[in-house]
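Below, in structure tokens: the form predicted alone, a single chain.
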């Protein structure tokens, strides 16, 4: 599909909110808090910020540049710049989006269910038993399918009437909810202890390869990098937008939500003495510890908890929309498939794959290690090689053809060529080892 007939954002604010919505999701309010709890508190936050600056921003700007320059989704964008030999890298982005959305839909289904139940009935007295009952089986599958149907419906509406309209409506709501919850959490008796835990730094953790791997995986998962989402959204962007500014705005907004979410989670946890349970499992902080806290708080907890879960559900939806759009846009560009057909056909296929995780929570964890860590890092590493070495100086002209910010852009090219691949190569080794350990433990009884 040519640039002349391709859909466009109606304005810059629509793109920005949609891109921020892609980045802001469960990765901010779910993964960030428990990873900080498990990986040295502020040490993880510091490492996350450094990786965002050194790796996340350069890769994001590369995705923005390639998407806008080609005016196409991942597979065709890579073919446009590098020829058919680089089509597999675009395919890797599509695969990552496909796999991640499959299990992400299950997590989002849980979140929407908690939000609905909190509004209608409140939180259960025994949050652990409740999560054990609803995390697998027919109920989990039904909520997963319902969430996927909503996501498909939005994407099938197109860029302006579907994605942009939803982003314009929901992202301001999400911002107000998160800030309001943080202000409330600051009034709790346990707020000071929660902040102290959040900001205490175990500097030794910064040198831990496992923490480096988790921080890099979190940065890529949270910023929607390595899966072609930012690239795809940029393919609908006009030439007038300042891409470095957009990259900084998206990354800073994403970090702000993640950081503020920690200001909500940790005061709540410490106020009710549940700090020992935060790091018990990757899902414990969000689906057991916090709901238990809300239940123990009575009527106030029901209101605050319902608002928190609604915020999560909004973030989950905007992120899921961007994941599905990568797959759908690729089908439209490559096979000239009508949008509605592509959305329902491919969205349905993703939903079917997600049923595996809905009926087996162990598979959800495995898919997260493969999709949420390994494929994203591999995609980012490969993209940095392509952008830095295959395109090289040609990439600079795509950002600012008039030569503006030339020195800063040359520094960016150096980062893509040397710094980003070096860091991601190390992370990739540990991510691959972690993914293999999970596969071996699952199917070969090893580990």
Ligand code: TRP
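Positions refer to the first chain, counted from 1. Predicted model, so just to flag it, every value in this text is computed and none were measured.
The same protein has a further form, the form predicted together with ligand TRP, not shown here; the description that follows concerns it.
Shown alone here, residue 224 lies within 4.5 Å of ligand TRP in the predicted complex, counting heavy atoms only. Remark: residue 323 counts among the residues lining ligand TRP in the predicted complex, judged by a heavy atom distance of 4.5 Å or less.
Ligand TRP in the predicted complex is approached by residue 27, whose closest heavy atom lies within 4.5 angstroms of it.
Residue contact check for residue 290: none of its heavy atoms lie within 4.5 Å of ligand TRP in the predicted complex. Interface residue among 357, 250, 100, 127 relative to ligand TRP in the predicted complex, by the heavy atom within 4.5 Å criterion: 100. Proximity to ligand TRP in the predicted complex, defined as a heavy atom within 4.5 Å, holds among 167, 319, 111, 330 only for 319.
For the three marked residues, 123, 269 and 304, no heavy atom of any sits within 4.5 Å of ligand TRP in the predicted complex. Stretch-level contact analysis of 216 to 224, 203 to 211, 296 to 304, 149 to 157 against ligand TRP in the predicted complex, using heavy atoms and a 4.5 Å limit, identifies 216 to 224. Residues of 108 to 122 that come within 4.5 Å of ligand TRP in the predicted complex, judged by any heavy atom, do not exist; none qualify.
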